[in-house]
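Shown here is one chain on its own, the form predicted alone, set out as structure tokens.
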């Protein structure tokens, strides 16, 4: 599947890449490894650029664009390994005052996960808990699952399964947390020990969860594409036996397979952004997770022993890919949902 971006979409993608390269380049990335605190100045700059208000209506101070454009922006964020609760702030820009402009940071947790994990908990001004979104109840009676899939119309499932769920607002200093070891040095995590449902919010939780999964998939796609570039670049420069290692068939095949994974994931993510269908988003998340993790592993293999060292960025992509793969539609429940769709 070949998606041709419009001129405006290409400009948006290129502008985002240029902004992130200028404000969050490799030096800033490496510095963030040592000091993972979020850069509030960068956050406000992202807000001023419309990163969080991208899909808010223009009359509400937003940019008025759609989900396909958001996917392009989040792909660039994934490519740059930009840390922080980006998905939460984008999805809740119209819910929590100050988030759209980058003046406030909001966290978003899935309350029916175990454990309930909260990223950058020490820097969030608010926390939103959601429960009962898409992907829950897969283990329930088979008839319910098949019914949900059959009832889906352009990503709007009908019936009890699709419209259940709740969202609750909490003040961070009233949430009891405990430190939780994070595999990604740029994403500090805390485990939420209680679920303070302080104030209910009227949100379409299933839709919010689907969009969170799709934007996370877009970040995985950006990471997968970036590791292809890193592997190919290293294979062209690194020499063994007097020739570039990229001239060896085994390395060529490895890089080619990485490109295939990334492009398959790109087609799935872009298609899901257009259709917004439940199963399309599930498939996109599954393929993007696989592409990000497997490409980072293969990129590390191309780098050889260098890839295992702390100064090589490839390990940062692998660790972030592992982390994202456990957020918003993990592999097991996504596979069950897709299987139910095939049966139905």
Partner chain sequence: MDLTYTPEEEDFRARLRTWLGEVLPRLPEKPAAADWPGRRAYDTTWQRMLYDAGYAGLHWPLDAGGQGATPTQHLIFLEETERAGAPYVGANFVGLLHAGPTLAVEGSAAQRARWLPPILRGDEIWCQGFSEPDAGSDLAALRTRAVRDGDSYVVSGAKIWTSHAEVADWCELLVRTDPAAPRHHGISWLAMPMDAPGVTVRPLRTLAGSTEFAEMFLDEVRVPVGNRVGAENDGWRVTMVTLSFERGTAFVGEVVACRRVLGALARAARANGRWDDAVLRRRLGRLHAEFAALWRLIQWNVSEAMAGPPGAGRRGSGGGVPGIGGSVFKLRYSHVRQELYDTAAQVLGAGALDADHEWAADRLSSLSYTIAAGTSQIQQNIVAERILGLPKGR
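Residue numbers count along the first chain shown, from 1. Keep in mind that this is a model prediction, so the values were computed, not measured.
Omitted here: the form predicted in complex with the partner chain. The next part is about that form.
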Practice prompt. Counting only non-hydrogen atoms, choose the one of 168-176, 67-75, 86-94, 211-219 that falls within 4.5 Å of the partner chain in the predicted complex.
Written response: 67-75
Discussion item. When the contact criterion is heavy atoms within 4.5 Å, does residue 25 count as touching the partner chain in the predicted complex?
Written reply: no
Worksheet entry | Residue contact check: residue 257 to the partner chain in the predicted complex, 4.5 Å heavy atom | yes
Worksheet entry | residue 186: touches the partner chain in the predicted complex, heavy atom cutoff 4.5 angstroms | no
Practice prompt. Considering only heavy atoms, tell me if residue 81 and the partner chain come within 4.5 Å of each other in the predicted complex.
Written response: no
Worksheet item: Among 46, 53, 318, 283, which has any heavy atom within 4.5 Å of the partner chain in the predicted complex?
Response: 283
Practice prompt. Sort through 287, 278, 314, 293 and report the residue having a heavy atom within 4.5 Å of the partner chain in the predicted complex.
Written response: 287
Item to complete: For the three residues 228, 232 and 271, verify that every one has a non-hydrogen atom within 4.5 Å of the partner chain in the predicted complex; reply yes or no.
Response: yes
Practice prompt. Any residue of 248-265 with a heavy atom within 4.5 Å of the partner chain in the predicted complex counts; write them all down in order.
Written response: 249, 252, 253, 255, 256, 257, 259, 260, 261, 263, 264
